[in-house]
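As structure tokens, one chain now follows by itself in the form predicted on its own.
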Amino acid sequence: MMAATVDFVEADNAEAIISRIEHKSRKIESLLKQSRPVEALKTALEGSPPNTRDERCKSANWIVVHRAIMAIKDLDALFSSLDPEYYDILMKYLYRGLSTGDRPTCDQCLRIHERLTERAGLGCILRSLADTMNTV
């Protein structure tokens, strides 16, 4: 019997992943300076989570996503342009933000969580909690 496998990147390739995350971070900072926070968040969510269990990669990617999440002010603009394909991964990052215990982060994550749940339904919450393979 053959077991299903998920291709995770080995730790020695973590440097390549971190390099891509740093490139993404520069692009996000540029978008934020141009007052384009929704595009910054989309960029942050692209390619997330990286196929690695390396915590350095996950932490580096969280920092990038967190920066974009905290810049979102207009939730109507966010949900009018965010593709549904990003809903589940955004929900995962919102839960990561809530787990920090940082008050401003939690407040922002709860604001977005409420609107995301209205938009995507309870299935989004269940999928993000049940998916133990793609951890952020």
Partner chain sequence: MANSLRLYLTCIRNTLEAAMCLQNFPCQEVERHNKPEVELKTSPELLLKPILICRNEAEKCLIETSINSLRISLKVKQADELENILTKKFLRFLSMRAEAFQVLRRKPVQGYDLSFLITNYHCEEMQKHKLIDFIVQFMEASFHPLHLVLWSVVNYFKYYAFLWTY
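Residue numbers count along the first chain shown, from 1. Since the model is a prediction, treat every value here as computed from it, not as a measurement.
One more form of this protein should be noted, the form predicted together with the partner chain, which is absent from this view; the next part is about it.
Undergrad: Name the residue from L98, I63, A77, I72 that puts a heavy atom within 4.5 Å of the partner chain in the model of the complex.
TA: The residue from L98, I63, A77, I72 that makes the contact is L98.
Undergrad: Answer yes if any heavy atom of L32 is within 4.5 Å of a heavy atom of the partner chain in the model of the complex; otherwise answer no.
TA: It does not: once the partner chain is placed as it appears in the model of the complex, L32 has no heavy atom within 4.5 Å of it.
Undergrad: How about A16: is it within 4.5 Å of the partner chain in the model of the complex, going by heavy atoms?
TA: Result no; A16 lies far from the partner chain in the model of the complex.
Undergrad: With the partner left out of view, is E39 within 4.5 angstroms of the partner chain in the model of the complex by any non-hydrogen atom?
TA: Looking in the model of the complex, residue contacts with the partner chain do not include E39, since no heavy atom lies within 4.5 Å.
Undergrad: Is R26 one of the residues lying within 4.5 Å of the partner chain in the model of the complex, judged by heavy atom distances?
TA: Flag for R26 set to no.
Undergrad: Going by the partner chain in the model of the complex, which residues of 111-130 come within 4.5 Å of it through any heavy atom?
TA: Result: R111, H113, E114, T117, L122, I125, L126, S128, L129, A130.
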